[in-house]
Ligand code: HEM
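Just one chain follows, in the form predicted alone, and it is written as structure tokens.
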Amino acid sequence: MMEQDLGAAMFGSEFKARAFPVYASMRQSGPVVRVALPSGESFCLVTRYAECLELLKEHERFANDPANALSEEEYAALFQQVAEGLTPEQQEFLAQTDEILSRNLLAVDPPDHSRLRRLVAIPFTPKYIEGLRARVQEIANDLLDAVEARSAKTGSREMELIDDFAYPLPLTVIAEMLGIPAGDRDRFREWSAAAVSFTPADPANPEITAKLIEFIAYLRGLVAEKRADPGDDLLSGLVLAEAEGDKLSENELLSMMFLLIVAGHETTVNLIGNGTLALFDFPDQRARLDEYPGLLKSAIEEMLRYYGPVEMSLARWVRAETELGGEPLRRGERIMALLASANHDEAQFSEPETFDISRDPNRHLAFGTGIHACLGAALARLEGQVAFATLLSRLPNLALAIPRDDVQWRDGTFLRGLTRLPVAY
């Protein structure tokens, strides 16, 4: 197994701008590479499509919960390593967030995972999601109405696509689904940014931990309100949820809310922003989509493959000595599927560096696969369909308003998204 000395740089915006040629080189090196951190720790990245598929689907050998791969002593040592250099108060904060936020669908294994998914999956049926289409369309229209009204006042035909459209659209949708008061929603951007800015090179950032504690405190208060006065929203349903006599514990409920809020809008923000950038980068494909709007669904799948909103999976843990793609793995090792690399794997996709809105088949891994596949994938796809149909029909002259070299990716481990995307229309 080759070791890559990418270190903390791998999680920064500059790396993301040049990542795909690096990923191609990593795939040539082998299906699994070990990445060294400045701390001396290392973790494994799975670079190729076939092995990513195997990792994501295999639960006997790979655990999502480190407690199912490590002894109690090893788990305690892992926490101490992460918390090194923190004050006692900061360590307490970190312990609280770890205890609460580690009980969501992405962080547990069967049978707990099966129970949690059964309790939370009811509102994510295709019929329910399709029923949201009219409301998503209304939100998209309202956002562009506001942009055009501002333009009428100022005379400027520019907007910042992330702030004005890509961010508020999915946040409004998930907030309404969950029953979050409209006046509280502006605070969620800072909280969710903290939630997705984690990197293995700085896993115990005190500022981020403090924001997460604040977020959890807010969620706890919201749960209390829903218990006292439940409505017909998803959060009230989760508070009261029972399936086969089972309920969510307090920590499971808080963790699930956290996941739904963050994952429920961050991935769609990135889909809209990254997908728009792809259309700017490949004007021939933009022209095809304008001429053949029936290709929209296929175009969104290609956006998900090419500039996928999730760069890599959350960590999994090797339960016992094994191998993947012929590469040996030790018990207790941390391993992640490098989804952005898998989605550009030459062995799976013909001409993977070409953005082709009619690509078929297109079995990308943007939403993962297996039992931990993204619960909200259908919602993200619907929001993407509405967002792009509305943008391209109402603003047919949409164009990048800054030099392409000035477009920056956000820092962070797991997601691929843009800091901002100024556009003219």
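As the structure is a computational prediction, the values presented were derived from the model and not from experiment. So that there is no doubt, residue numbering starts at 1 and follows the sequence shown.
One more form of this protein, predicted together with protoporphyrin IX containing FE, exists but is not displayed; see below.
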Quiz item: Heavy atoms within 4.5 Å of protoporphyrin IX containing FE in the model of the complex: does Trp191 have any?
Solution: no
Quiz item: Any of the heavy atoms of Phe124 lying within 4.5 Å of protoporphyrin IX containing FE in the model of the complex?
Solution: yes
Self-check item: 4.5 Å heavy atom contact, Gly264 to protoporphyrin IX containing FE in the model of the complex
Solution: yes
Quiz item: Quick one: does Thr276 come within 4.5 Å of protoporphyrin IX containing FE in the model of the complex, counting heavy atoms only?
Solution: no
Quiz item: Since the chain is shown here on its own, which stretch among 266-274, 145-153, 72-80, 317-325 would lie within 4.5 Å of protoporphyrin IX containing FE in the model of the complex, judged by heavy atoms?
Solution: 266-274
Quiz prompt | protoporphyrin IX containing FE: the contacting residue among Ile357, Leu45, Ala387, Leu56 in the model of the complex [heavy atom, 4.5 Å] | solution = Leu56
Quiz prompt | in the model of the complex, the residue from Leu219, Ile100, Ile174, Leu248 that sits within 4.5 Å of protoporphyrin IX containing FE by heavy atoms | solution = Ile174
Quiz item: Honest question, do Ser313, Phe367 and Leu375 all end up within 4.5 Å of protoporphyrin IX containing FE in the model of the complex by heavy atom distance?
Solution: yes
